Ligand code: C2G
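First, one chain by itself: the form predicted alone, in structure tokens.
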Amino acid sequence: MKTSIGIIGSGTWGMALARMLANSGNDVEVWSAISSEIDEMLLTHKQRNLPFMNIPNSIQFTKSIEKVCEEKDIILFAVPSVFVRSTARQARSYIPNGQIIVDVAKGIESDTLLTLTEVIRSELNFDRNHNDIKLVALSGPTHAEEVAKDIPTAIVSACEDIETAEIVQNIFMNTCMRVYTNTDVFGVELCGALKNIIALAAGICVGLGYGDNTKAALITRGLAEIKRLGAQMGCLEDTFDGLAGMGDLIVTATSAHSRNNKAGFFIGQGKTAEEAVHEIGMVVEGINALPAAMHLSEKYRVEMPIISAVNDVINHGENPRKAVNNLMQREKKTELSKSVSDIDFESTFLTYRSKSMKRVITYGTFDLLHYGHINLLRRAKALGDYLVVALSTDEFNWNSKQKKTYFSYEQRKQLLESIRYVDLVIPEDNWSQKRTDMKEYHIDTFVMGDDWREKFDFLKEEGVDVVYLPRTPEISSSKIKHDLYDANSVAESKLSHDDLDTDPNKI
């Protein structure tokens, strides 16, 4: 059974995919906002920036956005990031609710900080009649120039609904294109946007005459920056180590096909950003992604020195060589995400103690430690021999849980370490680290309060027992804070009345 696919956008990536999908036996129709592009391709059967590629005769072209959206199994958005919102608005009335839409553009909207699938969703559902659109981000290390030559390529189909991701996987997968699935749509799109900025940095360094050492350092530390931001935003770590993260970063920062890499090279040689873009002759998405990247860095309080340096060069006229020198002169850092003492402590228990020891883990903020917390920790420890407590960091509490603790992370950690039921305290930096923790700490049993019932059942897939313990009903940190607030209010009110009764000037 043929699949009917409408492709919105006739640039190099849209046309490379159009050719691939048509050669796989699908019905493909292409629309462009630029009528002259349609006329040229109808006449020449070529995309001007892919002159070696012949456009199959089976591909249909249209100048009507209504027609390209009509009765399609899949609509593919392949327009530059800055035109995604306006194009979605233009297509809205022709797209049915429930439509599968695949976005292949990469970027983050600078004023709203929405990823491009979020932009499409918000624009389509502006009329409240498109609340069931199924959006997929298709991303990875995929240069159009190589896909157009049937060179083996791998890509990621990301959708919160795994069944929809698998539908797209089945349609796009063939002998030259291998498609993987992922449910972390935001993480995939974050990687796709920010890797372009790191590619600009890599190109700048080549333009300055630096070598492979510099480029390797930028790629490695650039990925670390992207992962730090993603962790704060709740993305899955696997995403950053996969095709959409590491894979796409490598190809974009090293390939001669990369517009971002080329643009960076010209800037490193002394051209302005505007001159570099003119030289490329196509959209350079890394430059477009800079404002959103800087806003996200500030919003989530994540240090991103390489991306900040690129922003200084592109948007503030910083000398590229001086920007590199500033990066090299930054304060000394470690690659380790934990302190040496914590690593040694964990190693002592987790490596040398008996492998038959049953390990338990629980998570929480544990602010204003009270007997309800102690009861939970006591019952958790009773389920095994060794209890690990993942303690929410101050940054995680503020950025992801939107709450401020009374005690700092280090103070809460000291309190927990003083409790005889607790064997090890580790930091909880993000929502998605739980799967990794189960493996890293060889966990047998995961424990949480029963107000989280069923929320972490997915950890059973890791071979872990998941237990939800009842909370101590009459006590909670929130209740303590509420009672203290009420008591203070009553005391202040009483003091005010006493002052009124005893101050002769107020009688």
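All residue numbers refer to positions in the sequence shown, first residue = 1. Fair warning: this is a prediction, and the values are worked out from it, not measured in the lab. Just so we're on the same page, rigid core means the largest C-alpha set that superposes within 1.5 Å between forms.
One more form of this protein should be noted, the form predicted in complex with the named molecule, which is absent from this view; the next part is about it.
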(message) If the cut-off is 4.5 angstroms on heavy atoms, which of these, T87, N182, S308, S392, is the one near the named molecule in the predicted bound form?
(response) S392
(request) Could you tell me which one of E225, E109, E123, E428 places a heavy atom within 4.5 Å of the named molecule in the predicted bound form? (result) E428
(message) At 4.5 Å between heavy atoms, only one of the stretches 167 to 175, 75 to 83, 134 to 142, 398 to 406 reaches the named molecule in the predicted bound form; which one is it?
(response) 398 to 406
(request) Give a yes or no for G372: in the predicted bound form, does one of its heavy atoms lie within 4.5 Å of a heavy atom belonging to the named molecule? (result) yes
(message) With the partner left out here, check for me: in the predicted bound form, does some heavy atom of Y363 sit within 4.5 Å of the named molecule?
(response) yes
(request) Answer yes if any heavy atom of F52 is within 4.5 Å of a heavy atom of the named molecule in the predicted bound form; otherwise answer no. (result) no
(request) Determine whether any heavy atom of K434 comes within 4.5 Å of a heavy atom of the named molecule in the predicted bound form, and answer yes or no. (result) yes
(request) Could you run down 232 to 266 and flag each residue that has a heavy atom within 4.5 Å of the named molecule in the predicted bound form? (result) none
(message) After superposing the rigid core, is the C-alpha displacement of G247 2 Å or more between this form and the one not shown?
(response) no
(message) Does P305 shift between this form and the one not shown by 2 angstroms or more at the C-alpha, the core having been superposed?
(response) no
(message) Once you overlay the rigid core, does the Cα of M41 travel 2 Å or further between this form and the one not shown?
(response) no
(request) Once you account for a change of 3 Å or more, let me know if G187 and M438 sit closer or farther in the predicted bound form, using their C-alpha atoms. (result) closer
(request) Report the direction of the Cα distance change between L113 and K455 in the predicted bound form, compared with the displayed form, as closer or farther; the change is 3 Å or more. (result) farther
